[in-house]
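Just one chain follows, in the form predicted alone, and it is written as structure tokens.
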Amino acid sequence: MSIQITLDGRTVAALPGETVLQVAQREGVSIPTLCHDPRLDPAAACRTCLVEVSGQRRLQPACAWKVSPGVAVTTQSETITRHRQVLLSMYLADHELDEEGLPITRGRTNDLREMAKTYGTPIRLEPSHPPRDSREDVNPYIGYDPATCILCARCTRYCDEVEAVSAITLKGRGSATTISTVAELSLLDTTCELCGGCIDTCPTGAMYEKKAPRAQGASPLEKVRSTCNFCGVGCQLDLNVQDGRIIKVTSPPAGTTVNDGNLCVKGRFAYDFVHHDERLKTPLIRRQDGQLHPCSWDEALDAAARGLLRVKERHGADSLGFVSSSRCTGEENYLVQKLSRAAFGTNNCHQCAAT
């Protein structure tokens, strides 16, 4: 049963238990956030989403404040704008800035930079650049850049709440706080599954992919939606293509696909095979000289069919066996068993995921 609240002067419907941020997003009202991820429990740590709530003396975090019947919420006001500008100025004081006074991105997505451009930072605070542990981890996939970390803890919360491995944590106190592991071990020596979820949820690029180029080329980056082929789950992923090559793999936004924005280590990092020099791009058929030669698909399929039929004629249908792959779709696996039973007359059909 829905309730009625007032959002920026207009009456809107909301569900009991919803947060101000959830209602605002559904109504098309933009509220900036840095520490929020819909897959995680609200933390209200970054304070960028503070709004005015009727009956409350102070600004309240939209990501964690739950609506109640008749409550009035204001998301845009002079007080809120001043708060956001001061807060962003404080964040920028701890970051390396470019000539525009904005955080250096190093070729990575940085929500803090975009937020500073949108809301402005008229207050200039003295840069502090607190020293943080910046030792390079020996793992081949995940890197950490403390110069761009805002300590929103999205990475550590994701590791705990979504992956349930708790491989990374916050270390230190005050300005010396940083992201680390238990006993400062390498990620390879922890419970880390190298899924890269910490990279995906990081709002400033502090957690980054080592394989991706630090500086992207001049040509535009195109995102191509695809399906991961490493297992039969069907996780959706975005291939980031530039100049005809995949430079990295990212996950679609949370809540939009079957995998809810999550990927495993294979889906996120194992894309090198696409451009491998030895990857087969055309069927091969063995000729009379005993060597493999390129051929058309029609010729290859015809040769395979004739070979299977010869075995059936000589030794019977049950001398054949068909094994399908979990990397195939459900429809493709169905066709394999139909080929086995209907076309060749044998029930010797198996699927590798059943082992």
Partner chain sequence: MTNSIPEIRDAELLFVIGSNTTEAHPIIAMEMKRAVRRGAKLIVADPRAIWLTEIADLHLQLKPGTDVWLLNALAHVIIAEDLVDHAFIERHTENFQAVIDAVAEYTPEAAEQVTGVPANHIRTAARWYATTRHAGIYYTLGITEHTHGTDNVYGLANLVLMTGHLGRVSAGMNPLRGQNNVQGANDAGASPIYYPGYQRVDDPAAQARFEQAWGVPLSPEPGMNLNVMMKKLGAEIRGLYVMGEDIVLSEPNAGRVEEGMNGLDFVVVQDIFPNETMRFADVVLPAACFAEKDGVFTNSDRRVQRVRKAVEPPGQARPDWEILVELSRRCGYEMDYADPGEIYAEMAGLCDKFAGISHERIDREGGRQWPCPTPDHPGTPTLHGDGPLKGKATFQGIAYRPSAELPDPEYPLLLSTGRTLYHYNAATQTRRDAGPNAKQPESFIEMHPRDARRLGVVEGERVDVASRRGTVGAAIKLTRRVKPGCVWMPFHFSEDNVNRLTNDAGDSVTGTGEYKVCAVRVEPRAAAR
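Just so we're on the same page, rigid core means the largest C-alpha set that superposes within 1.5 Å between forms. Everything numeric here is computed off the predicted structure, so don't read it as measured data. Positions refer to the first chain, counted from 1.
The form predicted together with its partner chain is left out here; the points below concern that form.
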Exercise for the section: Evaluate V12 for contact with its partner chain in the model of the complex, applying a 4.5 angstroms cut-off between non-hydrogen atoms, and reply yes or no. Expected result: no
Exercise for the section: Look up in the model of the complex whether G307 has a non-hydrogen atom within 4.5 angstroms of its partner chain, and give yes or no. Expected result: yes
Exercise for the section: Using the partner position in the model of the complex, report whether R26 sits within 4.5 Å of its partner chain, counting heavy atoms only. Expected result: no
Exercise for the section: Would you check, heavy atoms only and a 4.5 Å threshold, whether Q22 touches its partner chain in the model of the complex? Expected result: no
Exercise for the section: Please state whether all three residues A116, P122 and A183 have a non-hydrogen atom within 4.5 angstroms of its partner chain in the model of the complex. Expected result: no
Handout entry: Residue among P220, P253, P140, G101 with a heavy atom within 4.5 Å of its partner chain in the model of the complex
Key = P140
Fill in the blank from the handout: In this chain shown alone, the residue from T190, S77, S89, T169 with a heavy atom within 4.5 Å of its partner chain in the model of the complex is T190
Practice task
Please determine, with the chain shown alone, which of 146-154, 78-86, 230-238, 92-100 has non-hydrogen atoms within 4.5 Å of its partner chain in the model of the complex.
Solution key: 230-238
Handout entry: Residues of stretch 242-256 in contact with its partner chain in the model of the complex (4.5 Å, non-hydrogen atom)
Key = G244, R245, I246
Handout entry: Large Cα shift (2 Å or above) at Q60 between this form and the one not shown, core-fitted
Key = no
Problem - C-alpha of G143 moved at least 2 Å between this form and the one not shown on rigid core - result: no
